[in-house]
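We begin with a single chain expressed as structure tokens, specifically the form predicted on its own.
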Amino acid sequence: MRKFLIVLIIAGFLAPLLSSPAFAAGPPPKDILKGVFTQVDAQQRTVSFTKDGGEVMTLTLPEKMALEEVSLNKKVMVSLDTHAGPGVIKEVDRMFMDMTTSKVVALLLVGMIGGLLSGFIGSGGAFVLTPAMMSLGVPGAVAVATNMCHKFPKALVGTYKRFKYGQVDLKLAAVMGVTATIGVQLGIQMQKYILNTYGNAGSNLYVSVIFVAVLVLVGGYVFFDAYKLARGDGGEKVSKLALRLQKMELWPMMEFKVAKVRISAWVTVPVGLCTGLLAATIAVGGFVGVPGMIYVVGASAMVASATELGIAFIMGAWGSVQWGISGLIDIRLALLLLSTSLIGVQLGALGTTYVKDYMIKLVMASVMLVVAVSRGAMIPGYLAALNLRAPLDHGMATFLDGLSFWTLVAALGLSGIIITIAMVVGMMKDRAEKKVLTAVSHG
């Protein structure tokens, strides 16, 4: 306990520093405004715009923008064209999408599968939820913020469920959670800076590029590791790197009983920081947290995936407060996702009791690689929006949108099918073994 308090005190000193003006993204540039349109003057082609904070401005519409494109009393981000003159609008991006019946149904379904993944692999399921919301028209920053808000109560339920199965190392979750909150603070400042400087297109590009890079690298490695385990006896071996780090006597040394690991607390620090940084950047910390606990700390896949849920709760609670202050959380989406993901996370957690460790890795890797294709298909469009490449013709844009949507649907379907089959097969084997044991005991 004393060693944990030392880590907590260090984090307590660092957290205020990272919240200080020196680390803050600062106020939005003058050519980026957030607020609502309140009135349109069709003759003058001007609009009244109320900024966040109450200041009212008069802005001028560019010739290429139709009056019908201006939505009144809807939260928007406005980019100004400083070369065209003062107060001339360059681009308008809606901050919060309109809700339709089809979108509500889609969000409920996505929430269920995201929860199923969260309970099963411990990564929060956000690597499916964030791209899904973006595909439905949610800006990248809002998708990340809303995901972080919805997942921390879900993570709490998942943690409790898997704690009852003896899979959660609460001490490891607490130690890594403390350092992860520092990473969350850094990630939020980076995301704010990109959003304020480059607008929604820049934020969408940033989120998508990071998504693809992490999905391919981590997914490829985890898939290879799962393949090796599947070809063997299905048992899991501690990585050579973790064994070396466990032998390193660097004070303070900490013992994690559930994970069956004794290691320096400082080994967990970079894993925790990276987990928090990634969580605040793309709402997915489990990409680093779960593999980090497996291959760096030396925990089993079962314990790592369960413990990550505890870390996700700590990060999500802290990040939600920070994102809420920034006004980027869409509470409608958070509640819709939460309503079904709470059911899914319990089913996913139940599934882990019937499968081997390599199956958890196989599911994680398979879905990661499929989602990478979905998010990668959107990158050319974001580059064109930022004038970093030639505009896409209508046919190519339609093809890439379709590719992104249907590969995401494939990822959702694939994850649900694999987890369901694994659960059913595992339950059947478990029942068969119990029948044999009962027959033997009675014989």
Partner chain sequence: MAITKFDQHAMAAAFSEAGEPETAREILKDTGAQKKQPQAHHQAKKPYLSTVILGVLSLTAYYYVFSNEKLVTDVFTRGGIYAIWPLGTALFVSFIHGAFGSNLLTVLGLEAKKSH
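Residue numbers count along the first chain shown, from 1. The structure presented is a predicted model; accordingly, all values stated were derived computationally and were not measured.
Omitted here: the form predicted in complex with its partner chain. The next part is about that form.
Interface residue among 197, 71, 82, 339, judged by heavy atoms within 4.5 Å of its partner chain in the model of the complex: 339. Screening 166, 220, 324, 86 for any heavy atom within 4.5 Å of its partner chain in the model of the complex leaves a single hit, 324. With its partner chain omitted here, the record of contacts in the model of the complex names 146-154 of 209-217, 146-154, 188-196, 173-181, defined by a heavy atom within 4.5 Å. Using a 4.5 Å heavy atom cutoff, none of 90, 295 and 386 lies near its partner chain in the model of the complex. The shortest heavy atom separation between residue 245 and its partner chain in the model of the complex exceeds 4.5 Å.
Contact check for residue 427: a non-hydrogen atom falls within 4.5 Å of its partner chain in the model of the complex.
Using a 4.5 angstroms limit between non-hydrogen atoms, residue 288 is distant from its partner chain in the model of the complex. Contact annotation: residue 41 falls outside 4.5 Å of its partner chain in the model of the complex, judged by heavy atom distances. Interface residues of 95-109, taken as those with a heavy atom within 4.5 Å of its partner chain in the model of the complex (partner not displayed): 95, 96, 99, in sequence order.
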